[in-house]
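Both blocks below hold the same protein chain, though in two forms, and each is given as structure tokens: structure 1 and structure 2.
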Structure 1
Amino acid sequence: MAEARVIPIDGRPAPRRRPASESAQGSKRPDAVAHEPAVAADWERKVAGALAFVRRRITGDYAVDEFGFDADLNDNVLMALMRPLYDKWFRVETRGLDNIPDTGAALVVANHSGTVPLDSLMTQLALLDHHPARRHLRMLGADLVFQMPFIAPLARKSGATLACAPDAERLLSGGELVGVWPEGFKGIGKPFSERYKLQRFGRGGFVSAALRMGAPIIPCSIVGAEEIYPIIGNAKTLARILGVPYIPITPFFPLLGPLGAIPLPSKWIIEFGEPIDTSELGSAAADDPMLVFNLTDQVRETIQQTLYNLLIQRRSVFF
């Protein structure tokens, strides 16, 4: 991990969010007269930006792509709401960001855990705030996500779409960075005792999609998400009645009510691994089930090994 880029714990992402006046203050003591207008100008810019955003929202003056991705809302509101969680609560450290290309299609495949899919949101924010090209991760979500009221429109607005071959291939052929969590509900809703043990990787549909489009596969290992809501039980009957895959019981939920919905402040590491090139195999390889199975296994093993390595390096769950 020689190329690993370590973000300091208190490190707020430098680009865009640190105003010019603040960094100027740090490097050289500016005289008060020069400093005042700089702060005022920055404030003015912020106010104007916020007001313009509100006006755009009221008049519907923003663009939504054909998948329903609302970049204006995602970047200015949804991701902004996630930032404190990312920076202060989970203190996410990202590694191997240079494995993500600046342009063009790639498929990020990651492990899924944590009861609530915060890991996908954190991965999305990591790539938006810390990747030099500020890439949007377009996530592939399960059917259930798009059936649930409130969740369905939010998922689409944040750039997610249904995990199906046509959508994955359409996104990849459009040069997008696509994120997939092939363990699905099996991974996210597994008991705490099985933490960091990868579940079955679906049917390998994501590998076929990448092969067909010649997009590189980037294994991504996320450590820390397993501990945010440790599942010690599952209210199976209630889950069946409500038609959801699981109702988690954690040490604090539902015991402490809404307080139990606060995630534990575990320390997170998100590592993007070496890309697996699929362009040489050709799109016909997508129809070779043995090759698809082997490649799926290879990706799964890579993520599992990286998880074990990261767990050894981790000092404790919370620091």
Structure 2
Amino acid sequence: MAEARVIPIDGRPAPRRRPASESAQGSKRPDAVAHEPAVAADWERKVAGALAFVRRRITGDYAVDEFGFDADLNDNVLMALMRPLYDKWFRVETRGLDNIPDTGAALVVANHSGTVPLDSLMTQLALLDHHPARRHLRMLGADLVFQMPFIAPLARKSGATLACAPDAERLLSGGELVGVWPEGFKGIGKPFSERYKLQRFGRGGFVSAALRMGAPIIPCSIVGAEEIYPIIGNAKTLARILGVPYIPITPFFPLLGPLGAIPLPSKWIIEFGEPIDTSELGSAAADDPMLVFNLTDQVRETIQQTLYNLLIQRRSVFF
């Protein structure tokens, strides 16, 4: 017997009832269906990359330079551990990447803060992930970094080396992008009450290195790192016993123990300023104390003024 058709009062035929199987297939939004292959392809790419990395480590098919820099390990492991902090926790916004050259030597000079030097790692990751040329930032670190049992080899593998003129000049002469934080421990260990007030920039050794190599100096200003571990005190006696620059006391550490080591999720902005050309000054300018002092002060003032401007633009500490 044929199925009877029901004609509504308005005279239009009733809509056809779709089979259950057809309804189930049509319940997904077109964009969701299109998204599934992309997600699957992304996972396949990640798995293939991980397997290729393991194969290179087993066969020894990777390079380590004279400073101990292992680009393969740095890009695929060390920086991968930092990406959740960069993308999700600090939500870093990077500006002025066009001021970083695609090739050739340059010296990035940045402010330093945060109790733990995460600002240097975030700057390194910003250039690796977001610069068109995916440049490696070869960081200059304090002697203490390379005296610590576990940290020292990792620092070397990540591309860091001693903050001394010979190493800086060797890197610059090789066309590397070098990063320096001239405030040192004075910057990262300062109390919260002095946040965003730059400390002394040492003797200008980084300026001398740039002058000798004719490399441009790029001021870099970082907002957000000051708030991740607000220092309200310093256990100086314990620091002297342990031979470290400071033992920070924050609102959460050591009161909350290991939980106090979790950084606060402040909103970060990293801005690379316009390069300062040193090539026209000549290498002999590196031996002129007054010129070195003035150029060092120029870089410091540029970073300080940019910090003030960025703080005005930032809506709040955490947004």
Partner chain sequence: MAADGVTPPRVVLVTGVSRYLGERLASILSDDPSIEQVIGVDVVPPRGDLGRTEFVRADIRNPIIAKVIASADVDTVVHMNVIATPLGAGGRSAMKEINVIGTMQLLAACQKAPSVRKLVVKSTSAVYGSSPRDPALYSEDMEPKALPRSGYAKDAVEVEGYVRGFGRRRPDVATTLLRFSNFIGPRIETPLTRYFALPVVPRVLGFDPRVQLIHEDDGVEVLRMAALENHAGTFNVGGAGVLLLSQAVRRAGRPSVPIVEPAVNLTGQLFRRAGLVDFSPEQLRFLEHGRAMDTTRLRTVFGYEPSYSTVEAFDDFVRGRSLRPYLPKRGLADIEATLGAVLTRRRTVGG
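The structure presented is a predicted model; accordingly, all values stated were derived computationally and were not measured. All residue numbers here refer to structure 1's sequence, counted from 1. Take the two forms, find the largest set of C-alpha atoms that superpose within 1.5 Å, and that set is the rigid core.
Pick one: is 1 or 2 the form predicted in complex with its partner chain?
-> If we ask which form is the one predicted in complex with its partner chain, the answer is structure 1.
Flag for residue 61, CA shift 2 Å or larger between structures 1 and 2 after aligning core | Yes, the C-alpha position differs by at least 2 Å between structures 1 and 2.
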